[in-house]
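A single chain, nothing else alongside it, follows as structure tokens in the form predicted alone.
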Amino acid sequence: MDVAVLFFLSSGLFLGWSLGANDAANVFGTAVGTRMVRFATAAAICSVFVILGAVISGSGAAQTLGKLGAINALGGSFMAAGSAALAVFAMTKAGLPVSTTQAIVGAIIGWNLFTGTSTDAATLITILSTWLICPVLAAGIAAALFRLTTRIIRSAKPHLLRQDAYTRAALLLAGAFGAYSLGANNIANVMGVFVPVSPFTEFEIAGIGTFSSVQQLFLLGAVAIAVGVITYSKRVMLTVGGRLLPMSPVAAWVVVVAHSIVLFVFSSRGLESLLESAGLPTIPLVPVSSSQAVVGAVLGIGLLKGGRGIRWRLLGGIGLGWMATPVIAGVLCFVGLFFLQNVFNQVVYQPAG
């Protein structure tokens, strides 16, 4: 692989780092914020399982994202990923849990506008609908699960020390599942724009099988996510973990599980096949916002308690960040493509035919 290709892939790695720095909060923020899990432990578990999820189960959501706008030149992929990364990084600096999904969608639309490529309306509507469905679904799951869990605990009446140990173990298991789901669903945000122009070639691994070019791409992006988790995720973890709504350790566990279920549902090819074989409507395989899922889960618990303790002003700031992120990423991508093409003479679009 030559130096130019590595340079173009660097923006995807930066986006992966930004995703790890921001979205790890959605997996372990509540556990760290309630002091049930140490940050170092959370970062290590999250890093391992996000890589496994990306490599093993990451292809489904990436295909849907590609339909929104098939970026067909490395220069265009570089600028789309870089613009999304800058938008996410700016929000991370502000301590806000934002959506890398919204950032990359905004960047892809910016590329479409610059190149005159039509945006697939059906795919865009599908993705936009999940931005509404995702937090609502997470809130519903969290509220139901919290009510069920508290009833079970009241009925069982475990010793406080035993309950504390069980909760800590449950948070670690839920975090591992959440990290796997995050990698499976959100690797599409990091490397999806590079799939049509992947510079890797597949090869055989003895006793395992074929390691495809897309899996190699996703592995690279997942490692970047892991580095972001380890180096820069603590601040956003604290925002999600305790500042939006003070939570008990049990509530923290419920939030992680609800968030993880939502991400898994929108990235599972197995679930899609099962529903299809049963003649039921399938769930679209799209990269959904892990930030929206976790905030929705927190609100579900907060509303179940009558809305007491929810910091509505902070929630308003998070909501404004969600709306601003795709706009910022789209504008940055459009302007960046202009300079990349006209000042640096780089190919950002390959005409059809």
Partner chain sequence: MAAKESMLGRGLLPFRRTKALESEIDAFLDKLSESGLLFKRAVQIYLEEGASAEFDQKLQAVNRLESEADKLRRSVITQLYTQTLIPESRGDVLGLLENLDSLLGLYEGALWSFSIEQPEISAEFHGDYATLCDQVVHAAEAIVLASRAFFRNIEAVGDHMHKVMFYEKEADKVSTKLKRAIFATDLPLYRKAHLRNFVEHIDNVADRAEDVADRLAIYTIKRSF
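Positions refer to the first chain, counted from 1. Please read these numbers as outputs of a predicted model, since none were measured by experiment.
The following text describes the form predicted in complex with the partner chain, which does not appear among the structures shown.
This chain is drawn without the partner chain; in the model of the complex, the residue among Met237, Val257, Leu96, Met247 with a heavy atom within 4.5 Å of it is Met247. Of the candidates Leu132, Ile125, Ile283, Ile153, Ile153 is the one whose heavy atoms come within 4.5 Å of the partner chain in the model of the complex; the others do not. Shown alone here, Pro158 lies within 4.5 Å of the partner chain in the model of the complex, counting heavy atoms only. In the model of the complex, the partner chain sits beyond 4.5 Å of every heavy atom of Val136.
Residue contact with the partner chain in the model of the complex: Lys305 places a heavy atom within 4.5 Å of it.
Put simply, Arg311 is far from the partner chain in the model of the complex: not one heavy atom of it is within 4.5 Å. Annotated contact segment (heavy atom within 4.5 Å of the partner chain in the model of the complex): 35-43, selected among 35-43, 284-292, 317-325, 65-73. Applying a 4.5 Å heavy atom cutoff to the partner chain in the model of the complex picks out no residue from 326-350.
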